[in-house]
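One chain comes next, on its own, written out as structure tokens in the form predicted on its own.
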């Protein structure tokens, strides 16, 4: 049996859209590619992943799993979009973040892909996510301050011996003053996997607590997330004017007519 893979989604600067990336990649892998996916909120100090997918006040959360109040399996929620999630809540001081890997490692037997949303700070929380991950995805925006933070995050990951899959460039406006993917790749010596536009519908989706991949499946941002998901798992993505569910519905209607 082939074990699943854990991707840590990290950034060293808040506001770059790290949690949005985690939620949408998880959704794309589950909906578009029928993968068994678990997303985990390991941002213990500012946990927001649940809010991105409509879970406002969870009874079970990751820090209670780490404190051994219940098993990791009891903390998993099944989402209507097809993925599973372990949400987070504000954790108490003194939590042993080093237990994160111990708690989630056994889940690789049950999931194809696990995405872990980390803290946007250089602290024990981020270190725990990197340690627990097979590969790290670094989220950045195309400006010098964020690039500086991104380079530091990459350095820390390399020092820990964690494989860096690449950089996801988010909130791109295609302005001349922005850093381009080539500049960022050369400065970091890490491949830029995708450039995601700064699209207003992403905020509209967030207001509805639905990832844009599901909220607006034909939006350009959704296509980019699906293509990125395909690249991460070594599959092909065939772009369509229809979302996956819409294509299925069209086929069913056609079959009924025949």
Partner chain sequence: MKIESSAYFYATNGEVLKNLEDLLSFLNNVDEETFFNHVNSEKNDLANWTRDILNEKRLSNKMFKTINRDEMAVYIEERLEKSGEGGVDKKSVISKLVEAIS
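Since the structure is predicted, the reported quantities are computational estimates derived from the model, not experimental observations. Residue numbers count along the first chain shown, from 1.
Although it is not shown, the form predicted in complex with its partner chain is what the next lines describe.
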| query | finding |
| --- | --- |
| Heavy atom of residue 180 within 4.5 Å of its partner chain in the predicted bound form | yes |
| Proximity of residue 152 to its partner chain in the predicted bound form, heavy atoms at 4.5 Å | yes |
| Its partner chain contact in the predicted bound form: residue 147, any heavy atom under 4.5 Å | yes |
| 4.5 Å heavy atom contact, residue 239 and its partner chain in the predicted bound form | yes |
| The unique member of 66, 202, 190, 224 whose heavy atoms fall within 4.5 Å of its partner chain in the predicted bound form | 224 |
| Options 181-189, 92-100, 131-139, 77-85; stretch whose heavy atom lies within 4.5 Å of its partner chain in the predicted bound form | 181-189 |
